[in-house]
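Before any questions on binding or motion, here is one chain by itself as structure tokens, the form predicted alone.
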């Protein structure tokens, strides 16, 4: 895997799309430079315990569903007064599941949210200056590497790159990945390329998601793709195209 290409792709995507303002925090919408959906037009500042928990909860809720559904779910939780770890622990699991129905797999996710809330409160990980150990997060039921790294990167600013299906799809098509790499191997390559700069890793992941949704879909929309000249799909049909 070539670090130069990883860096170049980041520059190309950032130039094409601009900063993404990710992770959106619903509870901070229309405050501190954030829009009506909670996206920020500037680097995120200091997060409150509840905002930090919202990001962690969102990382669970987004499993196997779209962010559109997560936004609706977080809105429901907020309106119900349940966007709070203490209240999530107090509410019956069946009631919590009903409140997050729009996110799908709601019974499982209700259990996951309760486990996560207890873990974060017991360890005082919602307070400033503390963050959970990755292995401890991975030891929780229902928390895999992508979810754990999303929590650490976006809620705590810990420089773990989030590897998702979009990352694998784009960089397989660019010839940067072969498809045989393990999650941690891919994550380390991206993290080391940017010297574990959490802000850049946050932005890169968000840009990858944006590009995969708009252009590099399962059935790719190649017209207008800013990475087209380096994509293997294009190079196969147009050998004269140049790589990065």
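Keep in mind that what you see is a predicted model, and the values were worked out from it rather than measured. Positions refer to the first chain, counted from 1.
Just so it is clear, the following notes concern the form predicted together with the DNA, a form of the same protein that is not shown.
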**Asked** Pick from 170 to 178, 121 to 129, 157 to 165, 86 to 94: which stretch has a heavy atom within 4.5 Å of the DNA in the predicted complex?
**Response** 157 to 165
**Distance check, residue 136 to the DNA in the predicted complex, heavy atom within 4.5 Å** = no
**Request:** Check whether residue 209 has any heavy atom within 4.5 Å of a heavy atom of the DNA in the predicted complex, and answer yes or no.
**Result:** yes
**Request:** Tell me, yes or no, whether residue 144 is in contact with the DNA in the predicted complex, where a contact means a heavy atom of each within 4.5 Å.
**Result:** yes
**Request:** Tell me, yes or no, whether residue 72 is in contact with the DNA in the predicted complex, where a contact means a heavy atom of each within 4.5 Å.
**Result:** yes
**Within 63 to 88, the residues that have a heavy atom no more than 4.5 Å from the DNA in the predicted complex** = 63, 64, 65, 66, 67, 68, 69, 72
